[in-house]
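First, one chain by itself in structure tokens, the form predicted alone.
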Amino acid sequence: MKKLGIYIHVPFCRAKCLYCDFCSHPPRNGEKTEYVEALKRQIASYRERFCGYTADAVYFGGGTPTLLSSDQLGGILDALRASITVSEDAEITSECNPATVDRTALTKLRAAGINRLSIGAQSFNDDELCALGRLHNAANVTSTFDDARAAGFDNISLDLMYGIPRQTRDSWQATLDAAIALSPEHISAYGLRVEQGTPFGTMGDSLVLPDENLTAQMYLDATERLEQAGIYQYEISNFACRGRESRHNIKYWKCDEYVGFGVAAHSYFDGERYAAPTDIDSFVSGKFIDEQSVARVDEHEAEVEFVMLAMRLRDGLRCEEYRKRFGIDPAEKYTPRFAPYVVSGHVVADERGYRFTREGMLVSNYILSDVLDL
């Protein structure tokens, strides 16, 4: 049985954060019920295509998936199990915003089959949370985490953000320390990106952010502080206790197959990439694929993407894995391309392959653009 990742998008949130460009909005009356039923129909339509596959990672993302009830989320999982074999040890994750669920709701969520929680903390500083437009405060993060533990979750991730308005190096270190004190199994630490079309994107020079040097130092602070706490870096923005790396995310970085369900969800399945429409009304009416998004992945595209995503991982591009995928040794092509960055201390090259140093990860996009001729 081939292993497959499943992503399920829930586009509902209580309010849009000032930096968010994801497909999400506050739900209209009756919209959640209609959407869940459309999801079930979309999942059922894949039953024959899923023959020979086992899902070993399921991820509910958003939006805020926990705005759906535990019965609704459980019903989606039941529909999935009716269409594909879900392995007994599958990692089944739901994103969760602090203060959107209580201990009772989390207990029901765990009973419904969710075994991993990803809590969108972002910061443990109330001023910074306010600047981001978040609806929760730092105390809500701690209480939600404690409730999740009491509900039986033994695999919890915290999302943190650096480079945000009003943030200092000291406040970032305090956020890291507060997160570490909770003893999560996983932490994601993302640098703020200002996207067009968001409130932050329209603010121009009035949006005051930490400068590039300070943001880079914050990143290095995260790698050092988390590593000291036994939460090691396994990808540019992700850290975990040993054995608790996100199976869902690793599938993306390893270019493994996955299918996305729900509005705006993307898939890489059977040699094709495609996406669902971003309009929820179209999706609910039964248009599950945006035909213009369907693209066959050719050998060159597959090779470039494999190298680019593998280099995001701490282990980097492994020659053995490259040879298994493409039948050739990568050394002739990539050793001379990475050579200048080996000399500069941004890349390590050895018999196993190529990987970024921590300093290299800071400028990874520039290096990969050069190495891959992007």
Partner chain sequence: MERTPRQEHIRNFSIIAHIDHGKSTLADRLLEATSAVAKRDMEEQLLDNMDIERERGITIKARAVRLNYTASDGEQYVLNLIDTPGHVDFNYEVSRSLNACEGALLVVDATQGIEAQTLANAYLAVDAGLEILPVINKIDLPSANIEGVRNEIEDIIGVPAEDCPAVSAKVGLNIDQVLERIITDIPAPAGDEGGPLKCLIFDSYYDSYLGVVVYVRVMQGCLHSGDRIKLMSNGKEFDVVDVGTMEAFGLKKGDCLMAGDVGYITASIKSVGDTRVGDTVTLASKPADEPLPGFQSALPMVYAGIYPADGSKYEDLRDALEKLELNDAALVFEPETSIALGFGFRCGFLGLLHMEIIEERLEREFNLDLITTAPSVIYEVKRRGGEVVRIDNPSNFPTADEIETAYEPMVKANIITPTEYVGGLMELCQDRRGVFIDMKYLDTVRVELHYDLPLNEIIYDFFDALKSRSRGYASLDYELKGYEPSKLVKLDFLLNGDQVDALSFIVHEEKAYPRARRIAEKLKDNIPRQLFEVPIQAAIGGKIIARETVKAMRKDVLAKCYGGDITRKKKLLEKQKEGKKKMRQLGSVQVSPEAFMAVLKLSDDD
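Please read all numbers here as calculations on a predicted model, not as lab measurements. Positions refer to the first chain, counted from 1.
Quick note: we don't show the form predicted in complex with the partner chain, though the next part is all about it.
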Item to check | Interface membership of F239, the partner chain in the model of the complex, 4.5 Å heavy atom rule | outcome: no
Next on the checklist: Check E301 for me: does it contact the partner chain in the model of the complex (non-hydrogen atoms, 4.5 angstroms)?
Outcome noted: yes
Next on the checklist: Can you tell me whether F200 touches the partner chain? I mean in the model of the complex, with a 4.5 angstroms heavy atom cut-off.
Outcome noted: no
Checklist entry - Is Y341 close to the partner chain in the model of the complex, meaning a heavy atom pair under 4.5 Å apart or at it? => result yes
Next on the checklist: Under a 4.5 angstroms heavy atom criterion, identify the one residue in T85, T215, S143, Q173 near the partner chain in the model of the complex.
Outcome noted: T215
Checklist entry - Can you pick the one in Y234, F288, F124, Y258 that has a heavy atom within 4.5 Å of the partner chain in the model of the complex? => result Y258
Checklist entry - Looking at the partner chain in the model of the complex, do all three of F12, Q72 and P277 come within 4.5 Å of it through at least one heavy atom? => result no
Checklist outcome for this item: TL;DR on 124 to 132, 247 to 255, 72 to 80, 149 to 157: the one with heavy atoms within 4.5 Å of the partner chain in the model of the complex is 247 to 255
Next on the checklist: Need the contact residues for 342 to 366: heavy atom within 4.5 Å of the partner chain in the model of the complex, sequence order, or none if there are none.
Outcome noted: H346, E359, M361, L362, V363, S364, N365, Y366
